[in-house]
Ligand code: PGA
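One chain comes next, on its own, written as structure tokens: the form predicted alone.
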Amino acid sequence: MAALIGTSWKMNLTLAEADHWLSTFRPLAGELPWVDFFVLPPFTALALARERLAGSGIAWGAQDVSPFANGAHTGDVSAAMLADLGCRYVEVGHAERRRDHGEDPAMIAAKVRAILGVGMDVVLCTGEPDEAPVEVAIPAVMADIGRCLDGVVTADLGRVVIAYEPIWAIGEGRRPAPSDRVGHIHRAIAERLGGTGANRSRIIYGGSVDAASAPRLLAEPGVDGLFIGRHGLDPLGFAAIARATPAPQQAGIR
């Protein structure tokens, strides 16, 4: 399975800036055909992403969605609206949404069901709040995943990407979690979720990833890709991180 490398721009980049990013990155992605890419712009740039990325193989998507299908929910955007824009991925459960908007696992689970219900894929963010020992972190992460995936059947796990993002590693001035810790937790998540082949969730790491830490993280068994935040706002920097993904020959794949 190809490595999955994605970025969320959060609340950054105007339309002009987004146009520059997309136009710059598209040819760079063509140099890495063994990598699956996705980009999550703000809602304001989704139509532009559809226009600039059409036919490129680079997927685009949204950073949030309403749990409601339609109706009197001022300011919300439904899953059907996002699907209509050609979105493949929708991010839910990010620590900033939980902190700033009070989103709990029940709300996140409703959003997950809405996304899957219209045929899009989920990027579910999860992670422990403090740098606790691994044997403490794993049960906390698994309990959160279980609540956020309430109602999701095994057959749909292949459309759920788990983005392991320890909260203590997110933000300016933070450092990524040690690669061996990340690998340990990723492998534990994979074992607990189960699923094989097309029914297996990809598990990617996010949390202060940069070009220096990416090779160590990607070399760790169980890490299926990376989810980039602020270091992805520069298309050249995002491409530099993606280049840490081994080519098939380097990975021993024939």
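From a predicted model like this one, the values you see are computed outputs, not experimental measurements. Numbering starts at 1 and runs along the sequence shown.
The next section is about a form of this same protein that is not shown, the form predicted in complex with the named molecule.
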Residues D64, V92 and R97 all lining the named molecule in the model of the complex, heavy atom within 4.5 Å: no
Given that the partner is absent here, does S213 sit within 4.5 Å of the named molecule in the model of the complex, heavy atoms only? no
Partner contact for S201 in the model of the complex: the named molecule, 4.5 angstroms, heavy atom: no
Report yes if any heavy atom of F227 sits within 4.5 Å of a heavy atom of the named molecule in the model of the complex; otherwise report no. yes
Even though the named molecule is not shown here, does P41 get within 4.5 Å of it in the model of the complex, heavy atoms only? no
Per contact check vs the named molecule in the model of the complex (non-hydrogen atom within 4.5 angstroms), the hit among 109-117, 165-173, 179-187, 146-154 is 165-173
May I ask you to list the residues of 1-35 that have any heavy atom within 4.5 angstroms of the named molecule in the model of the complex, in sequence order? K10
